[in-house]
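Take a look at this single chain in structure tokens; it is the form predicted on its own.
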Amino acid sequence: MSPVKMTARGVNVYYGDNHALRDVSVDILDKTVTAFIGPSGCGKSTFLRCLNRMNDTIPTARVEGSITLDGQDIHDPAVDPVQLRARVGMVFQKPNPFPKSIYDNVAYGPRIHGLARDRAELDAIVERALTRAALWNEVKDRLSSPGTGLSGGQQQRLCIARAIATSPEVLLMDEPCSALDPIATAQIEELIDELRQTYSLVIVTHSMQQAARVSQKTAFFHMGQLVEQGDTTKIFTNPSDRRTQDYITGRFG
């Protein structure tokens, strides 16, 4: 059993008067892939954004409850959200490389966080991140080319390389394959499996097949509530809640 990396207790999220997420409590384990599943608009991405305080950027959003990383409250005034996002990285649904070179996309985080003392160290960080994202061999001869010139699957791997270049401890992925073709999706899924040796991963996915393939833990959200959570095999074969059963067998969603 992996140790707990992050905990959420009694998390509620409001957008203005809209109570988007109700009383969510969940543990995120280290070196484990946790999948958040559920129909569109059920709160899974909203909750994902709580884990690195991305909801802070939405003026009408209000988050209540406790979320900790290694036992420290991430809303503690001593916690700098920028530093938190270096530790809890994020990969979005649509690949969003910066309009910079492949090299500068990956070097961006290490530069702003002062992780490299000189160019040689920065080169090493970039190479390591691109290698871990299974992209190095495809781009090593064109690092100065724009990241936006890569294929969709390569762009998403570039965004993963960018996220892991700051050596985060947790990696959040919001539907990372929904804009990709089946071959690129398979590559990202393989990558997720490798990355969990090092990181704690949380993936929001609308594909139950994907959740079943890549995750060890699954949490099912429905209408702003966390209905149930547990081992992926149990959730998919023997769920405790009728709503989970109905969703997984395709009765709604």
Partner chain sequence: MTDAAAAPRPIDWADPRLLVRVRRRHGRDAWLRAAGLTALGLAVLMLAILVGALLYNGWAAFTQTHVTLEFEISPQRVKPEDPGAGNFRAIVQEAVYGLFPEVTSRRDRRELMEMISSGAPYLLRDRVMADPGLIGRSLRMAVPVSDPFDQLAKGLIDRNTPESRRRVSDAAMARFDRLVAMGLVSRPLNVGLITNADSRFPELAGLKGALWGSFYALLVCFLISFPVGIAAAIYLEEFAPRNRWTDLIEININNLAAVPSVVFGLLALAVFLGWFGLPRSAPLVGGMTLALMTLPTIIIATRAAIKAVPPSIREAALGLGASRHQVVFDHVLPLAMPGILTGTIIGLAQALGETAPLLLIGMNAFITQAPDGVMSPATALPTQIFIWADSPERGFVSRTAAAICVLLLFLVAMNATAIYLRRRFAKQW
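Because the structure is predicted, anything quoted here is derived from the model rather than measured. Numbering follows the first chain given and starts at 1. Rigid core: the largest C-alpha set superposing within 1.5 Å between the two forms.
Below, we turn to the form predicted in complex with the partner chain, even though it does not appear here.
Q: Between A120, I183, I112, A78, only one gets a heavy atom within 4.5 angstroms of the partner chain in the model of the complex; which residue is that?
A: So the residue touching the partner chain in the model of the complex, by this definition, is I112.
Q: Of these, N96, S151, S178, S145, which has a heavy atom no more than 4.5 Å from the partner chain in the model of the complex?
A: Looking at the other structure, the residue within range turns out to be N96.
Q: Using a 4.5 Å heavy atom cut-off, which stretch among 193-201, 25-33, 222-230, 50-58 contacts the partner chain in the model of the complex?
A: Flagged stretch: 50-58.
Q: Can you work out whether Y108 and the partner chain are in contact in the model of the complex, taking contact to mean some heavy atom pair no more than 4.5 Å apart?
A: Answer yes; at least one heavy atom of Y108 falls within 4.5 Å of the partner chain in the model of the complex.
Q: Taking 4.5 angstroms as the cut-off for heavy atoms, does I125 touch the partner chain in the model of the complex?
A: No, I125 stays farther than 4.5 Å from the partner chain in the model of the complex.
Q: How about A133: is it within 4.5 Å of the partner chain in the model of the complex, going by heavy atoms?
A: Contact check for A133: no, nothing within 4.5 Å of the partner chain in the model of the complex.
Q: Can you check whether A163 is within 4.5 Å of the partner chain in the model of the complex, heavy atom basis?
A: Yes, contact at 4.5 Å.
Q: Is A165 displaced by at least 2 Å at its C-alpha between the shown form and the other one when the rigid core is overlaid?
A: For A165, whose C-alpha is compared between the shown form and the other one after core superposition, the shift is 2 Å or more.
Q: Core aligned, does the CA of H75 move at least 2 Å between the shown form and the other one?
A: For H75, whose C-alpha is compared between the shown form and the other one after core superposition, the shift is less than 2 Å.
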